[in-house]
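Read the single chain below, which is given as structure tokens and is the form predicted alone.
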């Protein structure tokens, strides 16, 4: 337990994928970082480190390489060579191929538990980082030069230690307790959809193809995975099936045979028969955006700042670029002799990230609205759009760069460069 009043450069509330990545980025420069995380390290209850999988863009791979995390992930990463987009029952289809973009892979699928393990191992190598886990953030007070908060650890209640930092970062998820305590409102749009997630085995291998299939009931992503626990012939994939609430309830209630039959009917036979499905989990889908991302001594980041529909797989990749940009802003301010917790400095970060966040949110949200419409004119227009995307190299390249996380002004870490 730290001494009451011990001072850190940065205090991050939330030690999931985003919070841990930021701690490494800043801690690697030698700054003292406190991480307050509600779950014990390595606990199976940590929602960020479960058996779900995340699609990492090329830009995210570069960030993890620069942070010294990728070497622990590479063996667990399944390359995405092609993205195949289709509209069920209609003529529109488009493909984005890594070879056309001149890259070894468009991205990589990695199970969250592997990402979590790699981040925790890297955190343990950095002496500047102090973990408080399991612990929660209590009362927060802002001063002119520091912010202080009580750390409630091991059931300590209000007698928990109080620490100070030059900057507080809320990385504690879409239902952020820090955001709530500080009366920061958020805008939420309920998609009225439930994401059903499961791992499946298929008759044919996916060969590095990620499928995004739009159906009447919602988008269905079938993403290539390497099954380290059950290798063998055929393919392994993880699915993210977005359904309206009633349909999701029915699908989750099906036995395995019924679930496989329904999934087969929606996806088709591009991979032959779908042979098996693992445990199904679900969560509601909404677009959530914080009304404020910066205040003096405060940054809101990750799902606490913006939570997206998973249709384009951009949520974590966007947040990791936020991490890279914030870490660079902090380091640049330090080198210039500025107070990196000041509102002037933090506004520079917010201005930098505004366009990327806006574009990604519009892209993801727009896909759901356009492909969710049953209007015949909209349906025809979106299929013509897919055909045009397939035929116009310039348009396809713009979409590919967005998907790979290499569009716009990139932070140093997203270019694979060190901050120092």
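Positions refer to the first chain, counted from 1. Since the model is a prediction, treat every value here as computed from it, not as a measurement.
One more form of this protein should be noted, the form predicted together with a small molecule, which is absent from this view; the next part is about it.
Suppose contact means a heavy atom within 4.5 Å; in the predicted bound form, does that hold for all of 107, 201 and 252 with the small molecule? Result no, not one residue of the spot touches the small molecule.
Using a 4.5 Å heavy atom cut-off, which stretch among 204-212, 308-316, 244-252, 96-104 contacts the small molecule in the predicted bound form? Only one stretch qualifies here: 308-316.
Touches the small molecule in the predicted bound form: residue 346 (any heavy atom, 4.5 Å): No, residue 346 is distant from the partner.
My question is simply whether residue 327 lines the interface with the small molecule in the predicted bound form - judged by any non-hydrogen atom within 4.5 Å. No, residue 327 sits far enough from the small molecule in the predicted bound form that none of its heavy atoms falls within 4.5 Å.
Residue-level contact is defined here as any heavy atom of the residue lying within 4.5 Å of the small molecule in the predicted bound form; does residue 54 satisfy this criterion? Residue 54 belongs to the contact set for the small molecule.
Residue 39 versus the small molecule, in the predicted bound form: is there a non-hydrogen atom within 4.5 Å? Residue 39: yes, in contact with the small molecule in the predicted bound form.
Can you pick the one in 167, 135, 83, 300 that has a heavy atom within 4.5 Å of the small molecule in the predicted bound form? In short, 135.
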